[in-house]
Structures are given as structure tokens and as C-alpha cells.
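Before any questions on binding or motion, here is one chain by itself as C-alpha cells, the form predicted alone.
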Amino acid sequence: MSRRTRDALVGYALLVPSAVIFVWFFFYPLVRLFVMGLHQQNRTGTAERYVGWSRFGDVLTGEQFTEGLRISATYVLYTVPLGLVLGVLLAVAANRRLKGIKVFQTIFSSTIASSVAVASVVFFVLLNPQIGYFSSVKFFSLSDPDTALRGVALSSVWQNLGLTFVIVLAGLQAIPDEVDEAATLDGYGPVRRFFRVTLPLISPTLMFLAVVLVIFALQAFAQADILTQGGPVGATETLVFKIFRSQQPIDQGTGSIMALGLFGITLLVSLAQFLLLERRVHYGN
């Protein structure tokens, strides 16, 4: 046996554990979702009957799925742009060689250590309609169906701000000082230098963050569950929240189809982001 063959066999052997885990925790559950979507269980989950592929069309075009998707899409619009802008502004402000700047960098990145539950509880204390410190701020009121989703979105923006800040700051610190110096010598002011030089150079970082934050927003559940329990009158029932409510055996087929729909939409949105943003991304050497 040649050395090249032995090396290939060793490589495949090292890949086997990862492949087994990937198949067991991804492909098998994915196949199970298809199987459950094709069958209708009884109320006790002791029997099932085949209902066919037509059920996929009924569920994916039904009011429950489309309404959940609308709320999730709105949640994306509330959280992703604001989170990116705030993260970039904080990173630019903290990207300085000043005494004590590490303290501010630590403060700005501190939310990366908080869980979704912690962030949600913090904003529950702040925005609770009865006892919250900012209960009088109607624009984020959790008791109003028209504003509750904005209040829930605030917790996500705050919780993801540390991650956005750290990644953007790393991108800024990777830009050579010579680039800024050359732009300054060419007469670029701070604002023009940021939009003409800095922003194009960190565009790959921003593209990555945009994809990640969109996926986080589409998968949002705990925020709505802790802050509003999906209310008022279903105004914060994201698609994942509606999937979670389909736990009874008789509803598991519907929930499985909605989960597959969310997976497909997340995949398509991510691919579209890569294809569209790739054209505007500058990869500098």
C-alpha cells in the first residue's frame, strides 16, 4: 500500500466521527420531518395515516405559516439594519489608540456573554407594561399589538450588539495604518475616508454579519416567549413560535412542514444575500 493511499485512508477515518454526527443530527432529523409531514397522527400519537404531498402546499400557503413568516420578516427588518449600524458605530468609536480604550471595548462587547434568556429578562424589567422603567414609552410598548414586536426586537439588538461589535472591530484593526494615512494625505476627511476607504475594506465582514444576523432573526423564539408569550393577540408569534406550538401529536405534521418551510426560506435568503452582496463586496489583499 502506497503512502498516498495510507494518508487518504487516515484522512477518511478521521472524517468518519464528524460524518456520523452530521448525519445523525442533521440528515436524519430532516428526513424525519418529511416523513412526519406526509403522515397525520391521531390525538394520542399512537397511529398515523398517509396524507400525501398535497398537505405541504396547504400548510405552506395557509394563514398560520404566512402570518408567522410575515412577523419573522418584520423582525428581521427591525433587528438586522439597526444592529449592524450600531455595531459599526461603536467599533469605529472604539478603534482608537487611547489610554483606557480597552475598558470601553470590554463594555461594548459585554453583551456577547449574555444569553437570549438574560437579554429578554433585562428588557422585560425595562419594558414591562405594569412595572417597567420605560413602560411609558409607547413606541416599544409590549401591551400594544402594533408596537410589541419592536419591543421584543430591542432585546435581540442589544444581545447581538456585542457580537457585531467584536467582529467589526477585528475587521477595522486588520486594515493597515498605511491605508488611512494615504487617504488622509490625499485630502480625505474622516467621513469621506470612512465611506470611501474603511467601509469597502470591511465589506466582507459586514456581509458575514448580515447573513448571521438574518439567520438569528428568522430563528427568534425565546425573546417572544419570555417577553410577551406570543401576544398581544399573536402580534409577536414568529414562525418558530408557531412551530413550537405544534407539539401535540395531531399537530406535529403541520409543525414539521412549517419547520421545513423555514429551513428552505433561510437557505434561500442566505444564498440570495451571498449572491447580491458579493457584487458589492471588496476583497482587499
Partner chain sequence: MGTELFQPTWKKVAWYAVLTALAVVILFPVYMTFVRAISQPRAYVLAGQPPWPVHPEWDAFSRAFSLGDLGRKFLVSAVVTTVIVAAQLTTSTLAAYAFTFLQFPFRRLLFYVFMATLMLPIEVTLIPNVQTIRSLDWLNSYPGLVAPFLATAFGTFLLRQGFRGIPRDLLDASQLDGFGHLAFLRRVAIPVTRPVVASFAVIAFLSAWNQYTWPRAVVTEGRWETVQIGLKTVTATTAEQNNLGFAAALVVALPILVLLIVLQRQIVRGLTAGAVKG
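Numbering follows the first chain given and starts at 1. The structure displayed is predicted, hence computed values, not measured ones. Rigid core here is just the name for the largest C-alpha set that superposes within 1.5 Å across the two forms.
The protein also exists as the form predicted together with the partner chain; that form is not presented, and the subsequent description refers to it.
Colleague: Quick check on this chain: which one of Val214, Ala73, Ala183, Ala93 has a heavy atom within 4.5 Å of the partner chain in the model of the complex?
Modeller: Here the answer is residue option Ala93.
Colleague: Could you spot which one of Val137, Ile107, Val85, Leu77 gets a heavy atom to within 4.5 Å of the partner chain in the model of the complex?
Modeller: By the 4.5 Å criterion, the partner-contacting residue is Ile107.
Colleague: In the model of the complex, does every one of Val166, Ala222 and Gly255 come within 4.5 Å of the partner chain, counting any heavy atom?
Modeller: All of them do, each having a heavy atom within 4.5 Å of the partner.
Colleague: Does Val121 make contact with the partner chain in the model of the complex, using a 4.5 Å heavy atom cut-off?
Modeller: Yes - in the model of the complex, heavy atoms of Val121 and the partner chain come within 4.5 Å of each other.
Colleague: According to a 4.5 angstroms non-hydrogen atom cut-off, is Arg49 in contact with the partner chain in the model of the complex?
Modeller: Close contact is absent here: in the model of the complex, Arg49 is far from the partner chain, nothing within 4.5 Å, heavy atoms only.
Colleague: Would Asp146 count as a contact of the partner chain in the model of the complex, using a 4.5 angstroms cut-off between non-hydrogen atoms?
Modeller: Asp146: no, not in contact with the partner chain in the model of the complex.
Colleague: Check whether Pro29 has any heavy atom within 4.5 Å of a heavy atom of the partner chain in the model of the complex, and answer yes or no.
Modeller: So Pro29 counts as contacting the partner chain.
Colleague: For the stretch 230-245, I need every residue with any heavy atom inside 4.5 Å of the partner chain in the model of the complex, listed N to C.
Modeller: Val240, Ile243, Phe244, in sequence order.
Colleague: Superposing on the rigid core, does the Cα of Gly264 end up 2 Å or more away between the shown form and the other one?
Modeller: No, shifts by less than 2 Å.
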